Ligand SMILES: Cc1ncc(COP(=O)(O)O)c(C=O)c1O
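Okay, here we've got a single chain as structure tokens, the form predicted on its own, with questions on binding and movement later.
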């Protein structure tokens, strides 16, 4: 999209002085590119988009349109998938907290439910015993060492033998079966080596536990780096793989083990990888201040809009200048761009080196992951989200500006 100060001014008149812009076509391209890299090697690959990374319904609807799974970790996200028309059979229900009624509902609807703990196994066991004529299928989340130097808290310990008990429980139930294995193990470097190792191991475990028949699916989770510009890449102290490199770390192992087209479905669960660079945050400069040696520019936004995880990395930033602003209403860098909250850490960008003034707009890029879903209702309601259509060159509202009534609607007053 081609932004200018005048374009943003026109958008401000319609939507307000801060807002997100979603480039839905870029998301669609990311999704297709990521999937195709895997399918070119192992055709039986499908993606389960991680709703928790960014559950803007417009994005989730694109995933539905392209045939992907909805990968959810809560009943709230499950309900969203159903509300936008996702078939229950295209929902993968993960996560460490799945109440009894949610598990039963999802299983009986035909969703993939990847169990995470023994308490969930007991819930499924009781359901199977209550409905002896009902065929029940589940997946299991595996926990094993991929050399990250810490022990994950999620899933069943494979190498310690915990998962053996689970398979024993289900073998004793005539109407209940394990359909596949799932893993999602976060690493700080998101390296291709870690994905090769986890794929090797989950295939080995699959061969061991599915001796008589192959699993319906093998799910290696997500956690991949997304696309980013050079300046952002330089702030990481590790190599940033691209889509092809991730595919080459995983898919050839599946192809080698299952050389024909009747192998299990390979499920990948990207979030950051496909959504990180599809969202921008636009905010207006409304105040300038100098305190000692520190220069500050106040914007109608906060660190929670662009860096809710409080990362120290500097995001991609563009400043669109109001050329009509007088020199008396400008600061020359370095300038800290700060937010509206009453917290000292609310600095969206430290030491901006250029000129900035009242009426300018700051635009943060590469903020598609976690910003919308992680933003707390702190001090100021959420800004609107607009979607950009690159074909029609049009902007449409996809989330209205939140009001104080929205924030306090669940309280008893």
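Numbering follows the first chain given and starts at 1. Just so it is clear, the model here is predicted, and its values are computed rather than measured.
The protein also exists as the form predicted together with the named molecule; that form is not presented, and the subsequent description refers to it.
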(request) Have a look at 269, 120, 77, 277 for me and say which one sits with a heavy atom within 4.5 Å of the named molecule in the model of the complex. (result) 269
(request) Scan 201, 284, 227, 141 and let me know which has any heavy atom within 4.5 Å of the named molecule in the model of the complex. (result) 141
(message) Within 4.5 Å, heavy atoms only: does residue 370 come near the named molecule in the model of the complex?
(response) yes
(request) Evaluate residue 380 for contact with the named molecule in the model of the complex, applying a 4.5 angstroms cut-off between non-hydrogen atoms, and reply yes or no. (result) no
(message) How about residue 222 - does it come within 4.5 Å of the named molecule in the model of the complex, if we only consider non-hydrogen atoms?
(response) yes
(request) Find out whether any non-hydrogen atom of residue 304 is located within 4.5 angstroms of the named molecule in the model of the complex, and reply yes or no. (result) no
(message) Within 4.5 Å, heavy atoms only, one stretch in 51 to 59, 36 to 44, 357 to 365, 383 to 391 touches the named molecule in the model of the complex. Which?
(response) 51 to 59
(message) With the named molecule taken in the model of the complex, which residues across 308 to 324 come within 4.5 angstroms through any non-hydrogen atom?
(response) none
